[in-house]
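Single chain ahead, written as structure tokens, the form predicted alone.
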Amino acid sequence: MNFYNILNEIEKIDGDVYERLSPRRRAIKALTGFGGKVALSALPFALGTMFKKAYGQTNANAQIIDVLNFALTLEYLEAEFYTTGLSRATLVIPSTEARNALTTIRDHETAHVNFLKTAIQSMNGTPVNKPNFDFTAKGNFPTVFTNYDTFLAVSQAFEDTGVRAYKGQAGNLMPSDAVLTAALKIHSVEARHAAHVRRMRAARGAQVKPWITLNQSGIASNAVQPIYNGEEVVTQANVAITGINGTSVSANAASEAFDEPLTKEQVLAIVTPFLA
């Protein structure tokens, strides 16, 4: 997640925020001078303080806090999944390049967790506790931490869920432009994760593209099918994309062009098997 871009986007939304918080602006400028690694770990807390000062003069919006806690639960799931996998000697990751990619994704998910917790606290909310997880999904993926291909398949399932989940909640964040902008930044990172993991799977022979086609998961388990149901939609804004204006757009291509949102209830049903 690029926190610097978030700061720029907030400035676009509220051009006076830095003038009202000039000491904070200088602090952030100084903070980033210590180098990228230090800034990445410390900036979420600085940003959270800025949110509180800039927007904390009104009562925290319960709906927004609820959405952020919902997102936090998903980010806990992903961060713990990659952290566990990368630490397991039983999971043989075939190359340094693959390990580096998964490490980068883990670091992004950890940054998302820290950011969401800080944002919730800055709005006078209480972050939810991290649940206990069962990454075998009640035995559906017993080799998740011993078979690299299974690990990548579950990774794809989590990332695809994250993309659709953030899109499904975007409308509920509209009361706060700053929070909505930040959430959409995370959404874009999750989409890049999903595309990269899918490419990693394709390189090992899985029949998947960097995007979802119809409601096809490319995963040999019915346990993840709810993640993909509804993606076969070929209309947008009540307009049929297939054959639009006499073109030869196929159902496959039409479905690949858009990610469909998931409701909170749908996501919770998907995630529940992964909760211990």
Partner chain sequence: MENFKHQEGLISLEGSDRLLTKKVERRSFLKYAGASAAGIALLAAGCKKDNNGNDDFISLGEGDVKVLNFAYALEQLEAAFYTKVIETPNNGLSAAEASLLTDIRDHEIAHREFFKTVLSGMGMAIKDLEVDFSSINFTSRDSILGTAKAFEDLGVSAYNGAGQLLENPTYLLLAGKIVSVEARHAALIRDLISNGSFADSSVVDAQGLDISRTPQEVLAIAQPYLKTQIVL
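Residue numbers count along the first chain shown, from 1. Small disclaimer: the values here were computed from a predicted structure and weren't measured.
Although it is not shown, the form predicted in complex with the partner chain is what the next lines describe.
This chain is displayed alone, yet in the model of the complex one of V144, A137, L180, L74 has a heavy atom within 4.5 Å of the partner chain; that residue is L180. Between the options A170, A206, V128, I93, the residue in contact with the partner chain in the model of the complex by a heavy atom within 4.5 angstroms is A170.
In the model of the complex, the partner chain sits within 4.5 Å of a heavy atom of A101. The shortest heavy atom separation between V67 and the partner chain in the model of the complex exceeds 4.5 Å. Taking non-hydrogen atoms only, L268 never approaches the partner chain to within 4.5 angstroms in the model of the complex. Of the heavy atoms in Q236, some are within 4.5 Å of the partner chain in the model of the complex.
In summary, the region of this chain contacting the partner chain in the model of the complex, judged by heavy atoms within 4.5 Å and restricted to 78-86, 160-168, 129-137, 145-153, corresponds to 160-168. Applying a 4.5 Å heavy atom cutoff to the partner chain in the model of the complex picks out T104, I105, H108, A111, H112, F115, T118, A119 from 104-119, in order along the sequence.
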